[in-house]
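What follows is a single chain, given as structure tokens, in the form predicted on its own.
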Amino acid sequence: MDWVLKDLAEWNDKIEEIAQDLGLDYYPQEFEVCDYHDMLGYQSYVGMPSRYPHWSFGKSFEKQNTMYKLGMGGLAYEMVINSNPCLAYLMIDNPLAMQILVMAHVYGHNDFFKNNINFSHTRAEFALETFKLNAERIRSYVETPSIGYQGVEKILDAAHAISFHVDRNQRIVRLSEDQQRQQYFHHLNKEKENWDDLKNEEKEDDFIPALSEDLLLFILENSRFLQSWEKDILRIVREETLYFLPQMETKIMNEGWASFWHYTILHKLNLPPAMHVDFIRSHNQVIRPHVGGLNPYHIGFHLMQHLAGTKNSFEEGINPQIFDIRTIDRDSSFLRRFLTQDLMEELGLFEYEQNNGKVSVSNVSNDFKGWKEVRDTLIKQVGTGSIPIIKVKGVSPLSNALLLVHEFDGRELELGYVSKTMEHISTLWSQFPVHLETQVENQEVTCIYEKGNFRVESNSEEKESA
């Protein structure tokens, strides 16, 4: 170890001074030095120092620990929490040059957390305490003799299975069904005050409420047989999911923003030559393209550098527009707005597909039409784009079956996962049937989970019999 805490404090002061001069606006920053074992634990808890007990966290820790010891996987260079004050971890084994890079990188993340609109609902000032209190509540249920660990685990397993089936954009105000009905009649006749007249004119039957994609919330509010502690667990899982969701939706932007600022700040630090070489080497390792996959640092950094106008030199200054982009965009809109054909060619992006075990390139970026298809395929896969959208259609009045519909976008669901997920949903729906409409092999079907059995029925057959 070529540093002591005093060295880190001195370099942090220099970094913070430059960050302020460059216009970064961030929460108060705190750093914690930890060893590899602690870092693995934080990674397993998705950065949080405290989480409720669940086997999935232990599984993640053991997997990462085993891969690290066998030399098959490394550790994160840094880990930073969206909190106020902002907390970040520094690996004790990292050399001074790496610690300086990490600290500069953290200030970029900190600024992003504070200013990007997608994080505005996360209540950063209460984040650490909220996760701690959630953990204590879950442990209290585990220690309750009438509930126990198995009872808690059963609900947590089911809640985790659908944890990302919540409203994905918290900035959109969702209207209740009554509010939607009121708005519907208002648009039919803005001058009529008595909407009962409109109902008498048989306009009520034309009203169709918007489907909700917040499956967790629907079950929480409408499952008649869940006990209060079970609903509280669902509430905790949903609350923590909504906290982490913006980080998923802005991964490319967030890492690109932080990488751009660590690169900018360290060039202004006037590092000693030897340390500067170490910095360049570490920086290139972070943003290098990955074989067989996409590196969000690579794409994000190059887009941010292009938009800032500093690719060739810092002398002309930084385009202030990037601060507006940092504030209002998420990955999907960021890529759609700014990932041009020229940039895609420069990054060497292409699309491939597998047919009968063979891999073939289906689209390339230097093609006039193909580049848009490559971009759109990428956009489909960023953030929660790889998670299917499942909406609540309603509840059957006769069987109390939960009726769901898959928003089909050309990608079929894997029926093995559908079966297991519907089993978990049935657990939360007090073992009543669960129906899911989707498409399989260009045919409309309904997946049904009922009394422990899973089956798939063709919707065309039902229409013919009707």
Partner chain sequence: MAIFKEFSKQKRDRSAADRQRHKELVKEKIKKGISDVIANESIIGQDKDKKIKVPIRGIKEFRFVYGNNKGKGAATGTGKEQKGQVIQDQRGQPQKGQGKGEAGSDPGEDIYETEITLEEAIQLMFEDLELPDMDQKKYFQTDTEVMRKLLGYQKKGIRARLSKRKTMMNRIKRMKAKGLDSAALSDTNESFPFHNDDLVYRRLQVDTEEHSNAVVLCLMDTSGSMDQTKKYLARSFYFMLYTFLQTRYENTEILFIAHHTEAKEVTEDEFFHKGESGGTIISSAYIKALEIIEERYNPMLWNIYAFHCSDGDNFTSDNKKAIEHAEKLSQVCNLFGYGEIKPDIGFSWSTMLDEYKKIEEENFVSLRMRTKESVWPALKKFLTKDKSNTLMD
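Positions refer to the first chain, counted from 1. The shown structure was predicted, so the numbers you read here are calculated from the model rather than taken from an experiment.
Keep in mind the form predicted together with the partner chain is missing from the figure; the text below concerns it.
Only one of 112-120, 271-279, 370-378, 330-338 lies within 4.5 Å of the partner chain in the predicted bound form by heavy atoms, and it is 370-378. None of 149, 229, 77, 323 but one reaches within 4.5 angstroms of the partner chain in the predicted bound form through a heavy atom, and that residue is 149. Here is the short version: of 286, 343, 245, 103, the single residue with a heavy atom within 4.5 Å of the partner chain in the predicted bound form is 103. Contact with the partner chain in the predicted bound form holds for all three of 13, 412 and 415, each having a heavy atom within 4.5 Å. Residue 425 belongs to the set of residues with a heavy atom inside 4.5 Å of the partner chain in the predicted bound form. Residue contact check for residue 142: none of its heavy atoms lie within 4.5 Å of the partner chain in the predicted bound form.
Heavy atoms of residue 397 never reach within 4.5 Å of the partner chain in the predicted bound form, leaving it off the interface. Among heavy atoms of residue 388, some come within 4.5 Å of the partner chain in the predicted bound form.
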